[in-house]
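Given next, in C-alpha coordinates, is a single chain: the form predicted on its own.
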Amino acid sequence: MSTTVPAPVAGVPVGPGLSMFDPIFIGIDEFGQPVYLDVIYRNILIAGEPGGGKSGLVNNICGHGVLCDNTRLVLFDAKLVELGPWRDLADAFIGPDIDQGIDVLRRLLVVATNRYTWLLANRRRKLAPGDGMSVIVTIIDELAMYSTVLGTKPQQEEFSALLRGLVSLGRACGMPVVAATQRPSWDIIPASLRDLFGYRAAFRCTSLNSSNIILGQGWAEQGYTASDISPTNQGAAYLLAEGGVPRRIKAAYLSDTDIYNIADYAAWTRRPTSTPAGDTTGWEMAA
(Lines give C-alpha, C1' and ligand atoms only; values in the text may rest on other atoms or scores of the structure.)
Protein backbone atom coordinates (compact mmCIF):
# COMPACT_ATOMS: atom_id res chain seq x y z
CA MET A 1 0.00 0.00 0.00
CA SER A 2 1.45 3.30 -1.03
CA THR A 3 1.67 6.26 1.32
CA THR A 4 0.99 9.74 0.05
CA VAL A 5 3.05 12.47 1.63
CA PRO A 6 0.97 15.66 1.91
CA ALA A 7 2.32 18.64 0.05
CA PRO A 8 3.56 21.54 2.20
CA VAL A 9 0.95 24.20 2.85
CA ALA A 10 1.78 27.35 0.91
CA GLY A 11 1.81 30.70 2.68
CA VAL A 12 2.50 29.40 6.18
CA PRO A 13 6.03 30.53 7.06
CA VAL A 14 8.04 29.21 9.97
CA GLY A 15 7.57 31.70 12.76
CA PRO A 16 8.24 32.23 16.45
CA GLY A 17 6.54 30.07 19.04
CA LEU A 18 7.16 32.39 21.98
CA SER A 19 4.97 35.11 23.44
CA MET A 20 5.71 38.04 25.71
CA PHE A 21 2.99 36.56 27.91
CA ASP A 22 5.37 33.63 28.49
CA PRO A 23 7.89 33.83 31.37
CA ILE A 24 11.36 34.86 30.19
CA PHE A 25 14.31 32.68 31.18
CA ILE A 26 17.02 35.00 32.50
CA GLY A 27 19.49 32.69 34.25
CA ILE A 28 19.88 30.58 37.38
CA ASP A 29 19.74 31.21 41.11
CA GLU A 30 22.42 30.35 43.68
CA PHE A 31 21.07 26.79 43.90
CA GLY A 32 21.32 26.23 40.15
CA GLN A 33 17.57 26.47 39.59
CA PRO A 34 16.26 28.33 36.51
CA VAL A 35 14.94 31.85 37.04
CA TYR A 36 12.05 33.20 34.98
CA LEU A 37 10.46 36.66 34.89
CA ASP A 38 6.93 37.58 33.86
CA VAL A 39 7.83 40.88 32.23
CA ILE A 40 4.52 41.49 30.45
CA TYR A 41 2.80 43.10 33.46
CA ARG A 42 5.97 44.38 35.10
CA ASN A 43 8.72 46.91 34.52
CA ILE A 44 12.33 46.04 35.31
CA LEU A 45 15.17 48.29 36.47
CA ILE A 46 18.72 47.01 35.89
CA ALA A 47 21.71 48.82 37.39
CA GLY A 48 25.27 48.32 38.58
CA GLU A 49 28.85 49.30 37.87
CA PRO A 50 30.37 48.98 34.37
CA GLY A 51 31.33 45.42 33.51
CA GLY A 52 28.97 43.88 36.03
CA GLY A 53 26.89 42.01 33.47
CA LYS A 54 23.86 44.26 32.96
CA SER A 55 24.01 43.94 29.18
CA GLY A 56 23.62 40.17 29.50
CA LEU A 57 20.24 40.52 31.17
CA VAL A 58 19.15 43.29 28.78
CA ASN A 59 20.08 41.20 25.74
CA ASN A 60 18.30 38.16 27.14
CA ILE A 61 15.09 40.18 27.31
CA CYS A 62 15.71 41.59 23.82
CA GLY A 63 16.35 38.12 22.45
CA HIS A 64 13.11 36.80 23.92
CA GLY A 65 11.18 39.79 22.61
CA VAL A 66 12.35 39.53 19.01
CA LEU A 67 11.44 35.82 18.95
CA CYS A 68 7.92 36.50 20.19
CA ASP A 69 4.88 36.72 17.98
CA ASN A 70 3.02 40.05 17.88
CA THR A 71 5.74 41.91 19.79
CA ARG A 72 7.39 45.22 18.96
CA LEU A 73 10.54 46.76 20.35
CA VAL A 74 11.38 50.41 20.97
CA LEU A 75 15.09 50.73 21.77
CA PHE A 76 17.06 53.59 23.31
CA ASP A 77 20.84 53.26 23.17
CA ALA A 78 23.01 56.37 23.26
CA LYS A 79 26.14 54.23 22.75
CA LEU A 80 24.55 52.52 19.71
CA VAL A 81 26.44 49.23 20.14
CA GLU A 82 24.72 47.65 23.16
CA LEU A 83 21.30 47.33 21.52
CA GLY A 84 22.58 47.88 17.99
CA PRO A 85 22.33 44.20 16.95
CA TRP A 86 18.54 44.44 17.38
CA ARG A 87 18.06 47.80 15.64
CA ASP A 88 16.67 46.39 12.39
CA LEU A 89 14.03 44.51 14.38
CA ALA A 90 12.84 47.56 16.30
CA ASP A 91 9.99 49.88 15.42
CA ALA A 92 12.20 52.71 16.63
CA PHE A 93 15.90 52.83 17.49
CA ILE A 94 16.99 55.99 19.28
CA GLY A 95 20.68 56.78 19.52
CA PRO A 96 22.27 59.89 21.14
CA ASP A 97 19.37 62.14 20.11
CA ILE A 98 17.29 63.36 23.04
CA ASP A 99 14.82 65.22 20.79
CA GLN A 100 13.99 61.97 19.01
CA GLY A 101 13.76 60.22 22.37
CA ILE A 102 11.28 62.77 23.69
CA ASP A 103 9.19 62.52 20.52
CA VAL A 104 9.04 58.71 20.71
CA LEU A 105 8.08 58.75 24.41
CA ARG A 106 5.27 61.19 23.65
CA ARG A 107 3.94 58.88 20.94
CA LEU A 108 4.16 55.87 23.25
CA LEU A 109 2.12 57.70 25.88
CA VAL A 110 -0.55 58.44 23.26
CA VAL A 111 -0.68 54.73 22.38
CA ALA A 112 -0.94 53.81 26.08
CA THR A 113 -3.80 56.28 26.58
CA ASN A 114 -5.63 54.91 23.53
CA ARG A 115 -5.28 51.39 24.84
CA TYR A 116 -6.73 52.33 28.20
CA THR A 117 -9.65 53.97 26.41
CA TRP A 118 -10.23 50.67 24.60
CA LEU A 119 -9.94 48.69 27.84
CA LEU A 120 -12.45 50.95 29.55
CA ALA A 121 -14.89 50.65 26.65
CA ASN A 122 -14.61 46.86 26.90
CA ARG A 123 -15.01 46.79 30.70
CA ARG A 124 -11.47 45.53 31.22
CA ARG A 125 -8.53 46.56 33.38
CA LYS A 126 -5.59 44.99 31.58
CA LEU A 127 -4.60 43.54 28.22
CA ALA A 128 -4.92 39.78 27.66
CA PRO A 129 -3.25 37.48 25.10
CA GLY A 130 -6.44 37.03 23.08
CA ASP A 131 -7.01 40.75 22.50
CA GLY A 132 -4.89 40.75 19.35
CA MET A 133 -2.90 43.86 20.28
CA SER A 134 0.86 43.81 19.99
CA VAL A 135 3.05 44.01 23.06
CA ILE A 136 5.35 47.04 22.84
CA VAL A 137 8.54 46.61 24.88
CA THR A 138 10.57 49.76 25.52
CA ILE A 139 14.21 49.08 26.44
CA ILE A 140 16.57 51.87 27.51
CA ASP A 141 20.28 51.17 27.84
CA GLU A 142 22.19 53.71 29.94
CA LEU A 143 19.33 55.82 31.22
CA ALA A 144 21.79 58.40 32.60
CA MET A 145 22.73 59.56 29.08
CA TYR A 146 19.20 60.77 28.44
CA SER A 147 18.41 62.07 31.91
CA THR A 148 21.67 63.88 32.77
CA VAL A 149 24.05 64.12 29.78
CA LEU A 150 22.38 64.70 26.42
CA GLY A 151 20.52 67.92 25.63
CA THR A 152 19.62 70.75 27.95
CA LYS A 153 18.35 70.58 31.51
CA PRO A 154 14.71 71.20 30.44
CA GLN A 155 15.00 68.43 27.82
CA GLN A 156 16.44 66.02 30.38
CA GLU A 157 13.62 66.85 32.79
CA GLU A 158 11.00 66.36 30.08
CA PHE A 159 12.50 63.01 29.09
CA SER A 160 12.48 61.86 32.72
CA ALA A 161 8.88 63.00 33.23
CA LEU A 162 7.68 61.25 30.07
CA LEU A 163 9.52 58.07 31.05
CA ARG A 164 7.94 58.17 34.50
CA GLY A 165 4.56 58.45 32.83
CA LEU A 166 5.22 55.48 30.54
CA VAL A 167 6.48 53.32 33.42
CA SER A 168 3.34 54.26 35.37
CA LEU A 169 0.91 53.49 32.55
CA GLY A 170 2.56 50.77 30.51
CA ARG A 171 2.29 47.65 32.62
CA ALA A 172 -1.44 46.93 32.29
CA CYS A 173 -1.78 47.84 28.61
CA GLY A 174 0.97 45.60 27.23
CA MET A 175 3.77 48.20 27.18
CA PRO A 176 6.43 47.15 29.72
CA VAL A 177 9.63 49.16 30.22
CA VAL A 178 13.15 47.83 30.79
CA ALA A 179 15.69 50.46 31.91
CA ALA A 180 19.39 49.98 32.62
CA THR A 181 22.09 52.28 33.95
CA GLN A 182 25.65 52.00 35.24
CA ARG A 183 25.20 55.04 37.47
CA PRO A 184 22.95 54.06 40.39
CA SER A 185 22.59 57.47 42.05
CA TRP A 186 19.59 59.44 43.30
CA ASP A 187 19.74 61.91 40.41
CA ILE A 188 19.50 59.03 37.91
CA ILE A 189 17.10 56.77 39.82
CA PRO A 190 14.99 58.84 42.22
CA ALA A 191 12.76 56.83 44.54
CA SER A 192 9.67 58.13 42.71
CA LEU A 193 10.89 56.36 39.55
CA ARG A 194 12.51 53.30 41.15
CA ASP A 195 9.38 52.35 43.07
CA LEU A 196 7.41 52.09 39.81
CA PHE A 197 9.59 49.16 38.74
CA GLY A 198 8.18 45.89 40.06
CA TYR A 199 11.43 44.07 39.26
CA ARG A 200 14.87 45.42 40.15
CA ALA A 201 18.21 43.78 39.43
CA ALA A 202 21.28 45.10 41.24
CA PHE A 203 24.57 43.99 39.68
CA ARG A 204 27.86 44.72 41.42
CA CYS A 205 27.93 48.13 43.11
CA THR A 206 30.76 49.94 44.84
CA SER A 207 28.80 50.91 47.95
CA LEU A 208 25.89 49.93 50.18
CA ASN A 209 24.12 53.14 49.26
CA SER A 210 24.29 52.41 45.53
CA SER A 211 22.79 48.97 46.13
CA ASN A 212 19.99 50.50 48.20
CA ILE A 213 19.24 53.00 45.45
CA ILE A 214 18.50 50.08 43.12
CA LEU A 215 16.80 47.59 45.41
CA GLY A 216 15.25 49.97 47.91
CA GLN A 217 16.23 51.57 51.17
CA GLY A 218 17.14 49.16 53.95
CA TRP A 219 17.92 46.00 52.00
CA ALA A 220 21.69 46.45 52.31
CA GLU A 221 21.39 46.76 56.08
CA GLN A 222 19.58 43.38 56.08
CA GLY A 223 22.47 41.75 54.24
CA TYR A 224 21.21 42.07 50.66
CA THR A 225 23.84 44.27 49.08
CA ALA A 226 25.31 44.11 45.60
CA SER A 227 28.54 45.56 46.95
CA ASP A 228 29.51 42.09 48.19
CA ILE A 229 29.46 40.65 44.65
CA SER A 230 32.99 39.91 43.45
CA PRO A 231 34.25 42.14 40.61
CA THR A 232 35.26 38.96 38.76
CA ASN A 233 31.76 37.46 39.02
CA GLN A 234 30.20 39.15 36.00
CA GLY A 235 26.51 38.42 35.58
CA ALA A 236 25.82 37.95 39.29
CA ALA A 237 23.10 40.14 40.74
CA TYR A 238 20.47 40.52 43.42
CA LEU A 239 16.99 40.28 41.91
CA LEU A 240 14.01 41.79 43.73
CA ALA A 241 10.55 40.85 42.52
CA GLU A 242 7.36 42.51 43.70
CA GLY A 243 6.52 41.61 47.27
CA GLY A 244 9.58 39.39 47.64
CA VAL A 245 13.06 39.32 49.10
CA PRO A 246 16.19 39.90 46.98
CA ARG A 247 17.84 36.69 45.81
CA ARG A 248 21.17 35.98 44.18
CA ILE A 249 21.01 35.10 40.50
CA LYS A 250 23.44 34.62 37.63
CA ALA A 251 22.22 36.10 34.37
CA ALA A 252 22.52 33.89 31.30
CA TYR A 253 25.32 34.98 28.97
CA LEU A 254 24.95 35.61 25.25
CA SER A 255 28.11 36.16 23.22
CA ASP A 256 28.15 38.67 20.36
CA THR A 257 27.89 35.75 17.96
CA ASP A 258 24.85 34.40 19.84
CA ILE A 259 23.16 37.80 19.78
CA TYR A 260 23.68 38.34 16.05
CA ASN A 261 22.58 34.78 15.28
CA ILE A 262 19.35 35.28 17.22
CA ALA A 263 18.82 38.67 15.57
CA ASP A 264 19.36 37.18 12.10
CA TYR A 265 16.96 34.32 12.79
CA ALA A 266 14.36 36.70 14.23
CA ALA A 267 14.67 38.90 11.15
CA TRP A 268 14.02 35.84 8.98
CA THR A 269 10.91 34.86 10.96
CA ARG A 270 9.66 38.46 10.75
CA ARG A 271 10.34 38.79 7.02
CA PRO A 272 7.59 40.56 5.07
CA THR A 273 4.74 38.42 3.79
CA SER A 274 1.61 39.34 1.89
CA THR A 275 -0.37 41.93 3.84
CA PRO A 276 -4.17 41.95 3.81
CA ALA A 277 -5.74 45.03 2.30
CA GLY A 278 -6.25 47.75 4.84
CA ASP A 279 -3.76 46.28 7.33
CA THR A 280 -1.28 48.63 9.01
CA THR A 281 1.97 48.05 10.83
CA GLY A 282 2.47 51.48 12.36
CA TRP A 283 2.55 51.21 16.12
CA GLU A 284 0.65 54.46 16.43
CA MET A 285 -2.28 52.36 15.22
CA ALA A 286 -1.59 49.49 17.62
CA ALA A 287 -3.93 50.92 20.24
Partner chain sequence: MSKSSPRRFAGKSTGTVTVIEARVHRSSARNARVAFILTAVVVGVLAAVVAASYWHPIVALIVGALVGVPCGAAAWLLVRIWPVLRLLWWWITEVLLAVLLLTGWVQLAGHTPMVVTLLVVALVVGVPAAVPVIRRQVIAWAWCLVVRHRLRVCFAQFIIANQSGSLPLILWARPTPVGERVWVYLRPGLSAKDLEGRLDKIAVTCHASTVLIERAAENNAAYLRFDIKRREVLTAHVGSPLVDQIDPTAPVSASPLTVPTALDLPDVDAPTITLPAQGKPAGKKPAPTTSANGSKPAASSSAPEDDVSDWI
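Computed from a predicted model, the values in this text were never measured in an experiment. Residue numbers count along the first chain shown, from 1.
What comes next is about the form predicted together with the partner chain, which does not appear here.
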Among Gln156, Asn114, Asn209, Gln182, just one has a heavy atom within 4.5 Å of the partner chain in the model of the complex, namely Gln156
Heavy atom within 4.5 Å of the partner chain in the model of the complex: which of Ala172, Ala90, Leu196, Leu150? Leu150
Interface stretch in the model of the complex with the partner chain - options 97-105, 209-217, 163-171, 127-135, non-hydrogen atom within 4.5 Å: 97-105
In the model of the complex, does each residue in the set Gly27, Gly32 and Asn261 place a non-hydrogen atom within 4.5 angstroms of the partner chain? yes
Would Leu240 show up as a contact with the partner chain in the model of the complex if we use heavy atoms at 4.5 Å? no
Taking the shortest heavy atom distance, is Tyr265 within 4.5 Å of the partner chain in the model of the complex? yes
Determine whether any heavy atom of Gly53 comes within 4.5 Å of a heavy atom of the partner chain in the model of the complex, and answer yes or no. no
In the model of the complex, is there a heavy atom of the partner chain that lies within 4.5 Å of any heavy atom of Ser227, even though the partner is absent here? no
For the heavy atom contacts within 4.5 Å of the partner chain in the model of the complex, list the residues of 51-66 involved, in sequence order. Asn60, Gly63, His64
